[in-house]
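Below you'll find only one chain, the form predicted alone, shown as structure tokens.
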Amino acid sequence: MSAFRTVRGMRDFLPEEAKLMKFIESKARRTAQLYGYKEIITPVVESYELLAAKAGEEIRSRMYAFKDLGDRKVALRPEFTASVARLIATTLRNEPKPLRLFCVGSLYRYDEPQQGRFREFWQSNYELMGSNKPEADAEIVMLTDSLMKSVGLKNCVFKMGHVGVLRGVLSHEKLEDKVQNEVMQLMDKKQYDDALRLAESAGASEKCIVTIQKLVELKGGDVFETVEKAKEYVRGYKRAVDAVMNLCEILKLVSETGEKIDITVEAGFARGLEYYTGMIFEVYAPETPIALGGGGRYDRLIELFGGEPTPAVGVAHGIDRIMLAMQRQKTTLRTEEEKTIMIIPIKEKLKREALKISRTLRDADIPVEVEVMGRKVTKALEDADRRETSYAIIIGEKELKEDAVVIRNLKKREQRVVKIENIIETIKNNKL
């Protein structure tokens, strides 16, 4: 047995898994088209400074960072948003707003591998740049719901909150940004007692601590009732009240689209990335405890990279996590079944004709495999069956003299002789 294995936290995708991944990716691309998002491709390797700028300590400590041969400190991207923000601040700075951008690809974080969490993972990413309106936030939530439904996932639940609620309370207490970031990091990891102790040691009042405790406990499926309670809890903290009102407006827009979206509001919800400034959310499938996607509003990131002040909202969806959720829900792939062909020459000297016919079929957009193992027809047909091939084209000397071949429908177990010039029509129009 070989000593070579995949690096810890990395994995191979076998054909069936790769097919499922590509299916999800195709749905992510189609969702982008339906919502008017244009695809961009950004580098896997970026400067460390760019990626570290506002990622948050948790992610900074888990980046694959290294010196390249030019002694520059670089890193493998742990998420897409910093790269997109760099583009907006530079190459795309004069493009008319709003800008809707989409990207898809692999990302890297040195996390402890566990179910649904790997060191190499895949995401589809959508960013809406240039609008500070609640309808932009609502669009990102709707888009996520559309993607989950398009891949066939059922009963997904959105967890929503607003960074401004907690930050509004902490800012009122004059806590420094660095302390606020640390508090939010701890709350993101559900370490609420540690978060409250840190806020208290930094000078937060008893009223502040009690308010945060009440917010953390406030969550519910009756979103507007939860929002009203949150508003009561933060009375006197103007920025926090404004944040609650903004969240309420977004929820109203989402609820009025006519599409049933299952949402739970958590008033004490925090996400690990430091750049969030407004609404935040995550989406879950019942059978999968990890978030399938998440995002939110970040209005100051573009400025950080030297761009113009540009409000923005975005979301990233975990393609491999969606795959896991689909496997757990036993989701059937809703794809149009593609006909596949195996061409079997009866004798060695007929392989030239097999290759020629295969080329003609591929030019007509029909996937073809040629039997290249020199097997007898019976064995070759057994192999084609095992691979769930649609048709076998058997090339024999007798038929070839008549410019014909035998086409066998492997599902129906029926066959007939067909002229070579009619093969494409026979297959495409299901005439056998």
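Bear in mind that the values here come from a model prediction, so they are computed numbers and not experimental data. So that there is no doubt, residue numbering starts at 1 and follows the sequence shown.
Below, we refer to the form predicted in complex with a small molecule, which is not included among the displayed structures.
Going by heavy atom distances of 4.5 angstroms or less, which of P98, G268, G278, G294 would be at the interface with the small molecule in the predicted bound form?
By the 4.5 Å criterion, the partner-contacting residue is G294.
In the predicted bound form, the residue from F118, F158, F102, Y233 that sits within 4.5 Å of the small molecule by heavy atoms
By the 4.5 Å criterion, the partner-contacting residue is F118.
Contact with the small molecule in the predicted bound form for R109, defined as at least one heavy atom pair within 4.5 Å: yes or no?
Yes, contact at 4.5 Å.
Contact test in the predicted bound form: G164 vs the small molecule, heavy atoms, 4.5 Å:
Contact check for G164: no, nothing within 4.5 Å of the small molecule in the predicted bound form.
Would you please decide whether Q123 lies within 4.5 angstroms of the small molecule in the predicted bound form, comparing each non-hydrogen atom pair?
Q123: yes, in contact with the small molecule in the predicted bound form.
Quick one: does P345 come within 4.5 Å of the small molecule in the predicted bound form, counting heavy atoms only?
It does not: once the small molecule is placed as it appears in the predicted bound form, P345 has no heavy atom within 4.5 Å of it.
Name the stretch, out of 315 to 323, 298 to 306, 258 to 266, 128 to 136, where some heavy atom lies within 4.5 Å of the small molecule in the predicted bound form.
So the stretch in question is 315 to 323.
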